[in-house]
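One chain comes next, on its own, written as structure tokens: the form predicted on its own.
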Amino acid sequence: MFVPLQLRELTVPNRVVVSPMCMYSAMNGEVNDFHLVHYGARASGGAGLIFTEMTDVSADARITPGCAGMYDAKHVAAWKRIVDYVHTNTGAKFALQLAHAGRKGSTRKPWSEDPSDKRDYSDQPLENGNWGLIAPSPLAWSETNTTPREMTRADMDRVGSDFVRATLMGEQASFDMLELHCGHGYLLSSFLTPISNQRTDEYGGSIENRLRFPIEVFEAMRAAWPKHKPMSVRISATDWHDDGLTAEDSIAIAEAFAQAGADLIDVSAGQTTPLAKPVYGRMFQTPLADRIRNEARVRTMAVGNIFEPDHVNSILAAGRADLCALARPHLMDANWSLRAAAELGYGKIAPPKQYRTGYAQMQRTLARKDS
């Protein structure tokens, strides 16, 4: 887990990744002090690579009004402040994940601003101020969500331009890496799966046709992104539904993005339909990353209920993935990687100089427990 990974000219110092996690705490797409502390703490915690939360390419591409954006000059400045902090004070690399929510947009934050209200409002439409939704086909996410408008070629052109604009802004903000979100039922994901793509034109039907628009977007972004900087693509490798993506589909998707210039496939799963029946368990999505890595012959990142150093090491040592992304463990322990290094007796990881005495004390404490 502490072996560096080379992606184009980027050297990721170790294989532990802070997974993209929506914080729903931006204002009009602009990240703020919360995000500075959130990302800064996790970058200081020893992970080799951290990802932004899903960052949307236009105001109407957001999931909720609290989602982060990259479509305004003020967004560039706000993100650059955080990127500069990470680069100046830590050894972590920073990746920007770009997305469009598609038919899952225009919804409430998961929580109420009333602290006494503990209900979960995920995927619930806004009470007011809803914006129009677009998707490959006019199919609502659920019975309570707004039905999207089927995208025209003009809509595709506009969305493609939004992704390219956000890509250029990501370079202005000095991000090290870029990820295109094509998973979890958002716009580009909904083109890939037959559950939400029921078009009868050249963008629907076969997996080759369903890939057409996501690949167009990726290729335009790759052309705009510096050649020396890597790009990854997050996919849902299964819909956890009998009518969804097949294993062969996910291999074809990974191969197509790799041929278009993707350096890494971020292999997630599900969240493409509320009817999904996922099979949860320890490292439950790792077999998907394993299959894609070894059949499509492309680097992969495993994610999903990976929470112990032994999980990470076993996945990497067995050649099942090249990176391991941890989400909830990093929410509860920003220093997960430093703690793992101390537990394993690995002495070469470098905490921020301000924290070195604390790290040394943790190493000594853990060594006494072992003895």
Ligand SMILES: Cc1cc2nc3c(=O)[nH]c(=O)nc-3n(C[C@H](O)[C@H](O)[C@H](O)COP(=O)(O)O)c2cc1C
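In this text the structure is predicted, and so the values were computed from the model without any measurement. In this text, residue numbers run from 1 along the sequence as written.
This next part talks about the form predicted in complex with the ligand, which is not shown.
For the candidate spot formed by 98, 232 and 262, no residue has a non-hydrogen atom within 4.5 angstroms of the ligand in the model of the complex. Although the partner is absent from this view, residue 333 stays clear of the ligand in the model of the complex, with no non-hydrogen atom inside 4.5 angstroms.
For the chain shown alone, residue 184 is a contact residue for the ligand in the model of the complex, at least one non-hydrogen atom being within 4.5 angstroms. The closest non-hydrogen atom of residue 351 lies beyond 4.5 Å of the ligand in the model of the complex.
Looking at residue 329, you'd find a heavy atom of it within 4.5 angstroms of the ligand in the model of the complex. Put simply, of 304, 45, 48, 29 only one has a heavy atom within 4.5 Å of the ligand in the model of the complex, and it is 304. Checking 268, 167, 90, 272 for any heavy atom within 4.5 Å of the ligand in the model of the complex turns up a single hit: 268. In plain terms, the part of the chain that comes close to the ligand in the model of the complex, with a heavy atom within 4.5 Å, is 20-28 out of 343-351, 20-28, 358-366, 5-13. Residues 53, 54 are the ones in 43-69 with at least one heavy atom within 4.5 Å of the ligand in the model of the complex, listed in sequence order.
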